[in-house]
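Encoded as structure tokens, the following chain is the form predicted alone, with no partner shown.
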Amino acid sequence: MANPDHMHLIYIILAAAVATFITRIGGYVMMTQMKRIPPRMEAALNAVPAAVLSTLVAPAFVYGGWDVAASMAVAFVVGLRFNSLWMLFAGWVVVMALRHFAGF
């Protein structure tokens, strides 16, 4: 049996799981009922990847420290020219070098 002091955490996790499930199923049901996707909905769906990426990257860039911000900036510049593997590698090299040599 779970500790009664932590039952509220279990309820929060279960509520989040149910909300996520309903959201995913609701989106699927809504999309299958449509014959054609309206242009405004298509534009909104096209904006989702950029919104999710900025939601993940922005806090790390702002609160991660100078080493993380520098590595993200380098990765961004490399990502403009090369594929994502090189972008990942460049960001990793910069953050590791700054942490090792500059003591970040």
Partner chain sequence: MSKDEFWQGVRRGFPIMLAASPFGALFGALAIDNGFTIFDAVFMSVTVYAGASQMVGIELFNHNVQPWLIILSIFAVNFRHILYSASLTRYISHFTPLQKALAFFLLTDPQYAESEKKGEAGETVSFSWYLGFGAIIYLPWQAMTLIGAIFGQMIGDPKAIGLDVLLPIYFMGLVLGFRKRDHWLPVVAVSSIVSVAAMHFVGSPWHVSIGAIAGVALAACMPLRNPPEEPVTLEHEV
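We call the rigid core whatever largest set of C-alpha positions still superposes within 1.5 Å between the two forms. The structure displayed is predicted, hence computed values, not measured ones. Residue numbers count along the first chain shown, from 1.
There is another form of the same protein, the form predicted together with the partner chain; it is not shown, and what comes next is about it.
Contact check for Y63: a non-hydrogen atom falls within 4.5 Å of the partner chain in the predicted complex. Shown here without the partner chain, the chain has A44, L45, N46, A47, V48, P49, A50, A51, V52, L53, S54, T55, L56, V57, A58, P59, A60, V62, Y63 in 44-65 lying with a heavy atom within 4.5 Å of that partner in the predicted complex. Fitting the two forms on the rigid core leaves the C-alpha of W66 displaced by under 2 angstroms between the shown form and the other one.
Cα of L56 to Cα of Y28: at least 3 Å longer in the predicted complex than in the shown structure. In comparison with the shown form, the Cα-Cα distance of A47 and A16 decreases by at least 3 angstroms in the predicted complex.
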